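Consider the single chain below, provided in structure tokens and representing the form predicted on its own.
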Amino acid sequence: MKQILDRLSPYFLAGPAVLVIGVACLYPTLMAVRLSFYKWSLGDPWSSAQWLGLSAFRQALTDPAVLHSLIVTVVFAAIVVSAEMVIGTALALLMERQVAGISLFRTIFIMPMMVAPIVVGMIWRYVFDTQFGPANALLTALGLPAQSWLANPSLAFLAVVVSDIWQWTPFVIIMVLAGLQNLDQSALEAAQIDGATPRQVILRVKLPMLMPVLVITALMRLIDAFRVLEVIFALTFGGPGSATEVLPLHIYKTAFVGQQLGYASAISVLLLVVVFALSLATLALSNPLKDPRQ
């Protein structure tokens, strides 16, 4: 009896978590996939739903608004992930040094990641406010003209990029710091004995050894960047026009503003495929295949 309980105990312990994940994640996903084959509006009875088959997917793949949102998402993700990786890695290398007060600085630098995304959007909306925002106050103090940040397409895009970099660079810092803690100290000592300068140690020893961590971190941030919604929702709502309308926000507008839940579900499934592919890439890189000869 005891042996049976020992064998079943992992299932009893993991069962509740698996059940919650299944109900909270898997069921809505399956319902979204099902809804993507129908034309249905919120508030209408399900009996009035019209079967469309794959036509919603064909429409999504040729819809200029969807393609524009996808381009905005790709450009946004490429810029923020690149900037966060460079800034986060540089700050992590600086914070690695054991100097007085470094623990306080580490705490301060990771605080933005703890703020709710919707709050981040509201904070930066105030920062870039035309009349009362600190951004224009700084420009005025420097003798430069104030800007209509959120009314200019280029400046509004810059605003959402800055807000995302501010919030998620700490994630890169944490990941890189964790990687630095696990570096092979013998290799670092060997480089120093050979007369390598601190710069050479970073460029030729630390960064190559950190490459697996950097790749995984970049992919994780890329996945999150493709799913960004709350910050842009609160900051610009995709405006001005559609200059900052990323794909998740376009899906939201299609579903709850345009009342096209079936079409929005089809776009969501396409986005799910992209995110799933990125997730598989992350898993493949974090669990490399072993050499079959070993």
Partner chain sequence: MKRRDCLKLFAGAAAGPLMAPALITPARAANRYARFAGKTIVVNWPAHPHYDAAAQFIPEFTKLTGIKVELDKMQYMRMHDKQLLEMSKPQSDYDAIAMLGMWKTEYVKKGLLAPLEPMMANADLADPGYDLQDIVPAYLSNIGMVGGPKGYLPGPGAKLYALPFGTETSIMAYRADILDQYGFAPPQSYAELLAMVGPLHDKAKIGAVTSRGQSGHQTTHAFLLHLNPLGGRVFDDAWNPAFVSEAGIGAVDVLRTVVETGPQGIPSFGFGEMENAFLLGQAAIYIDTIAIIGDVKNPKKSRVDGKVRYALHPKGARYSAESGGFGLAIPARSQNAEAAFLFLQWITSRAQDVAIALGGGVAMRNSTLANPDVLKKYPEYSVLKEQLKHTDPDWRPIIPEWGRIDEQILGVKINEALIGSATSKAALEACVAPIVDVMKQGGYIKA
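Here the rigid core means the biggest group of C-alpha atoms that line up within 1.5 Å when the two forms are laid on top of each other. Positions refer to the first chain, counted from 1. On a predicted model such as this, the values are computed, not experimentally measured, just so you know.
A second form of this protein, the form predicted together with the partner chain, is not displayed here; the remarks below concern that form.
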Looking at the partner chain in the model of the complex, do all three of Tyr27, Pro134 and Arg221 come within 4.5 Å of it through at least one heavy atom?
no
Should Leu42 be classed as touching the partner chain in the model of the complex when contacts are defined as heavy atoms within 4.5 Å?
yes
Considering only heavy atoms, tell me if Ser55 and the partner chain come within 4.5 Å of each other in the model of the complex.
no
Any chance Leu150 has a heavy atom within 4.5 Å of the partner chain in the model of the complex?
yes
Taking heavy atoms and a 4.5 Å cut-off, does Glu96 contact the partner chain in the model of the complex?
no
May I ask you to choose, among Ser103, Asn182, Ser82, Thr130, the residue with a heavy atom within 4.5 Å of the partner chain in the model of the complex?
Thr130
With the partner chain left out of view, choose which of Val215, Ile108, Ala146, Ala178 has a non-hydrogen atom within 4.5 angstroms of it in the model of the complex.
Ala146
Would you say whether Leu54 is displaced between this form and the one not shown, judging by a C-alpha shift of 2 Å or more on the superposed rigid core?
no
